[in-house]
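Each of two forms of one protein chain follows alone as C-alpha cells, named structure 1 and structure 2.
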Structure 1
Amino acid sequence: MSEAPPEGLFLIIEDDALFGRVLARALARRGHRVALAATVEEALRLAPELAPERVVLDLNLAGASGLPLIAPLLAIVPECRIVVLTGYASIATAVEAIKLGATHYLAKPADVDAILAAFAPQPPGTQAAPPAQPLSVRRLEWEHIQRVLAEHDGNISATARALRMHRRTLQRKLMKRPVRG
C-alpha cells in the first residue's frame, strides 16, 4: 500500500461522508483505486503518501473553502489533475479554481460519468457554446453575491455592507443553493 500507485489513484476530498462514500464506491466499481479525505488536514496528510493522480475536490469543507487546497496539492503532486465539485457553484469560484490550476469545475449534482469526463484531456473541438438564454435574475444575483463575497475574502458582514443589503438577508441567500439557469 505504501508503494507508488501504479495506476491512477483517486483522492476524493469531500465533506459529506455519504456523498463521498457513494462517489468512492462508484469509482471503485469502475476499477479505480480510491482514497477519501473529509477535511483539509486529512487531505494534506494523505496527499504526499498517496500521490493521487486525480483529485475530486469539494468546496465548502465543513465551512472552510477548498480553494486554498488546490495550490498545496499541486505543489505536493505536480502531475495530478484536480476537478472541483461543489454544490454552491459560481462563476467567481470557478474562475478562481481554474486560475489556481484546477483541471475542471463542476456543479453538483454531477454524475460519475461527468466527473470522469472532466478529467479527460480536452475532447477536441469541444468549445463550450454560450447558453441561448441569459442568466435568470436569481442566478445573476447569486453570481454577483459570490463575486463580491470573494472580493471581501468571505467576510459576510463586509459583503452585506458593500451590497447594501442586510446581513441577515445575505446569510439567508448564501444558505440556499444556487438556482440553475
Structure 2
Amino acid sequence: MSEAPPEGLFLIIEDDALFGRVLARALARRGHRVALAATVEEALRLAPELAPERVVLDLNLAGASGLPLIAPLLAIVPECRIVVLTGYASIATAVEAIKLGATHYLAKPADVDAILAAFAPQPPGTQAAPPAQPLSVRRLEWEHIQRVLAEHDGNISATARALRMHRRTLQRKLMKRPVRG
C-alpha cells in the first residue's frame, strides 16, 4: 500500500519544453499537481496565482541564469521549497543557489525519484555522505574555473587574468561540457 502524495503544487520552470513536459507527466503520474512555466515572466505571473509548494527551477533559462528568480519566488510564496536543476553543475552555482534560498541543487539528468528526494525534509543534524570516489583532477579544475568565473561576474577576461591563463585557453575550456566526477 503506497502513501498518498503530499498536497501542494509543483511549479516547473524550464525553458526546454520537452524536458518540462516529460517531468510534468512523470510527477502527474505519481499523483502530483503540476504547472509549467517556460520563462521568468511566466513564472512570476503564475506564482502568486498558484502559490506552489515546490518549485523545480532550471538554472539556465534561455541563456540567462535562473538564480535571480529564487528571491522573488520566495517573496511571493515564502513557504515554497525550490530545487535548482542544471546541466552545467558547479560548486560555485550550487553554493550561490543555496545562499539565495534554494532547498537543493541537482545536476541533470535527474530522475523524478531524485527530484522528489531533494524535496524530502532532512532530519536536523544530518549531513550528506561523502562521495564514494573523490573528484578527478579535471573535475576539480572545472569547479575552480566556475568558482573564479562566478567571483568575476562571468567576465572571461578578468577570470583569465585571475587564473593566470590566456583568455582563449579559458574560452576553450568553458566551451567543453563539465567533466563527470
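Residues are numbered by position in structure 1's sequence, first residue being 1. As the structure is a prediction and not an experimental result, all values here were calculated from the model. Definition used throughout: the rigid core is the maximal C-alpha set that superposes within 1.5 Å between two forms.
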If I had to pick the form predicted alone out of these two, would it be 1 or 2? 2
On a rigid core superposition, would Arg21 pass a 2 Å threshold for CA movement between structure 1 and structure 2? no
Please state whether Pro48 has a C-alpha shift of 2 Å or more between structure 1 and structure 2, with the rigid core used for the fit. no
Once both forms are fitted on the core, what is the Cα shift for Gly154 between structure 1 and structure 2 in Å? 2.3
Superposed on the core, the Cα displacement of Arg168 between structure 1 and structure 2 in Å comes to 4.9
